[in-house]
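So this one's two forms of a single chain, laid out as structure tokens and tagged structure 1 and structure 2.
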Structure 1
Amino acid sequence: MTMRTRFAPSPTGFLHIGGARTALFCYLHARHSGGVWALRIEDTDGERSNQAAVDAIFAGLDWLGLTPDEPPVWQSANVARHLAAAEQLLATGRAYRCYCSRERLDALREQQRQAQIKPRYDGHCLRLTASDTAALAADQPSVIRFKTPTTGEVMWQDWIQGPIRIQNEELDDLVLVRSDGTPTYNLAVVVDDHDMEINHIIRGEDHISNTPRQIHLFQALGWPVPEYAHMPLLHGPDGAKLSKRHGAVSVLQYRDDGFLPEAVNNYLVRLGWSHGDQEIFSLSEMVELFDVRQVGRSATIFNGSKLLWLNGHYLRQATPQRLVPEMLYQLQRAGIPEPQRDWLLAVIPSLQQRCKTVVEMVEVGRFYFVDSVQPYHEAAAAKHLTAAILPALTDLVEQLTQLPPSAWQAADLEQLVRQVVAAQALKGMGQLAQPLRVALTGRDTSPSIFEIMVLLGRERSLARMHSCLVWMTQIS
């Protein structure tokens, strides 16, 4: 039997980093075992579900490179099936109609809370006689409740958590169909998972308490019970569960912040899973090595600094071609006119090795894409473009101007700068290199100035130097 698993988000907002991790683990588990990874959109909450959220989820998964093997299933399309299952349970005596009012249920819960016992339905309507029911049915709205066994226990071997056993007396008679005739979550999930032939369910630990109820439903409907793996939750810096209203941001925010999906996936897979001391995993390596049974049981705190380090790593080892679309995206966001592809390709190597995000690449490399680097970064200009260095800088520019165009190579340029440093009896290379850097880039941090001069070419480099000398003369 082929292994089939699914990722089942509810489209009530963007795909956040916790959801992405669940999706990744499902994906890896399926791929690793040669199984199928399906996607189901749990859009049965008409109030909160919306198309924008569905699009955001697709976009998020797509960006991460996690493509489901089958077209997505919309839970809302299966309502008739869900209701048929409820009818079946009613017919087999595994469910019953309940006429309790919300007021009664609220009062009951309040009472139980005060008595410090677990709030649960008291089975009031289970004890109704046929004539009671007939009388009520005439004008009272009703829900369908599952008749949960009152004794015994339900147990499953969780692939991550190990054996979990829950006493049936801890459970209550959950509502399967609301008074408006719509199915509830637990019913819909069970029916859909069965219909989709899902046999491995990987989901967050917050679903553990649903599992015994769902197992009961599978059994009552005469269906095979799937295997379960409940993943520890992702927590924010404060130690509380990460959620949309609590610290979590959309995975697409990471794209906007200049992260690469390979870095995000790599970061996420190491949250709860490891393979010895290995830190770097390509997606295919993850597929090969991932074993859901090795996932740890303790919750983990999301901490961005390692993600940043990983992103720097992936940036450094990416081919320039790989980074072209990323750069174009960020340049556009930064409001910088789109450069020629060849120019971009030429310039990327000098940026990728020293930056941690694509956003930073654009910031650092801004001088490559603009006509003028003035006004200069204020502190950098104040520190390096001093009256004291003006003679040396002027001398350097003159000599560079006289340099034959064929000698406009990194090694030759460096040699010439060193000569001027010596001739002018400067304290060190930095005395001259830093002012030159500001002239070329407008800032005092940048890629190698010789690399820059070669890339910009003789004309543009000299033009920037000349306008710098003019600027310095004006302010002194």
Structure 2
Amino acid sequence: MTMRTRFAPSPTGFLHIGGARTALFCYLHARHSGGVWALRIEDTDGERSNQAAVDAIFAGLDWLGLTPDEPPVWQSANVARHLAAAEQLLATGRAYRCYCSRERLDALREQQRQAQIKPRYDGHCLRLTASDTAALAADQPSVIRFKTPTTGEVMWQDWIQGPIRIQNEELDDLVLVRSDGTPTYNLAVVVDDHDMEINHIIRGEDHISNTPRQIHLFQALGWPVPEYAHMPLLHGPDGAKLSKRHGAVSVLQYRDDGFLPEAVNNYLVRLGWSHGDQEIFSLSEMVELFDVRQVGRSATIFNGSKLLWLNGHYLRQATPQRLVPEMLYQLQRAGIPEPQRDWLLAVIPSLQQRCKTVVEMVEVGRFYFVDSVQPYHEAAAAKHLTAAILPALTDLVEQLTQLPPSAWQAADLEQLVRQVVAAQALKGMGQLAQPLRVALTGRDTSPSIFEIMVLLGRERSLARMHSCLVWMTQIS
């Protein structure tokens, strides 16, 4: 039998980092097993589902490179099939209609709360006579409830959590169809999983409470029960369940923050799974090595600094060609016009070795892409663009102006700066190189100043130096 698993997000919000980990684990399990990974959009909550969330799910999966093997299934398209399954359960005596009013149910819960009893439906309508039911059906709306066994237990061998047993007496009679005729989550999921031939379900451990109910439904409908693997939830460094303040934001926010999908996938796969001491995994290595049965049971801590470290690694290892689309995206977000591709390819190596995100690459290298670097960083200008250095900087600019284009190379530029430093009796290279750096970049931190001059080119470099001299003269 072909292994088939699915990722089934609800489009009521963005695809957050925990959902992305579930999608990745499903994807890897399918690829490792030679199976099929499907996507189902569980959009039956008409009030909360929205197209923006659907678009964000597709965009997030696409950015991570997690492409389903089949077109997505829309749960809302299968409502008639869900209701038919409920009718089948009614016909076989495994479900019944419940006419209890909201007032009665609220009163029942309050009585149970005061008696310190676990809230649950008391099976009142299961004990109605045929005449009672006929009378109520005439003018009272009803729901369809599953007739849960009152003895015995539900047991499954979870691929991550191990054997799990739930006593049937702990479960009440689940509502399958609401009074407005819409199916509930557990019924829809079971029908869809069966119709999609899903036989391996990987999801968060917060779904463990749903699993015994779903197993009951599979069995009552005469369908095979899938294998289950419930992953531990992600927690923040403080031990609390992961939330927005810990980094549980949209996956696309990580793209906007300058992370690479390779780094995010690598980080996610290590949240609960490991292969010895190995930290760096390509996607192909993940597919080869991943085994969902090796995922740990304990809660996993989300560590943003580890993700940042991984991203820095992938930035340093990437080819300039790989980073071009990421740079273009961030330049557009920063409102910087798109540069020529060949020039961008030349600039990227000067930035990728010293930055941890693509956003940082754009921030550090902004001077490459703008026409003017004025106004200068205030502290840098005050420290380095002083009246005392103006003669030496003027001498340097004059000599650079006379330097032929063929000599505009890093080694020649460095030699000329050293000559001016010696001629002006300066204490060291930094005394002249730092003012030159501020003149070219607007700041006193940057890649190699001679590398910058080559990349900016002779005309742009000289224009910025002359502009700086004018500025220094005006304020002196």
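Quick note, the numbers are simply positions in structure 1, starting from 1. Bear in mind the structure is a predicted one, so any value in this text is a computation, not a measurement. Between two forms, the rigid core is defined as the largest C-alpha subset superposing within 1.5 Å.
Comparing the two isolated copies of the chain, the second one is the form predicted on its own. For A407, a C-alpha deviation of 2 angstroms or more is recorded between structure 1 and structure 2 after rigid-core alignment. Relative to the superposed core, D395 undergoes a C-alpha shift of no less than 2 Å between structure 1 and structure 2. Annotation: Cα of H384 displaced by at least 2 Å between structure 1 and structure 2, core superposition. In the core-aligned comparison between structure 1 and structure 2, the Cα atom of V417 sits 3.8 Å away from its counterpart.
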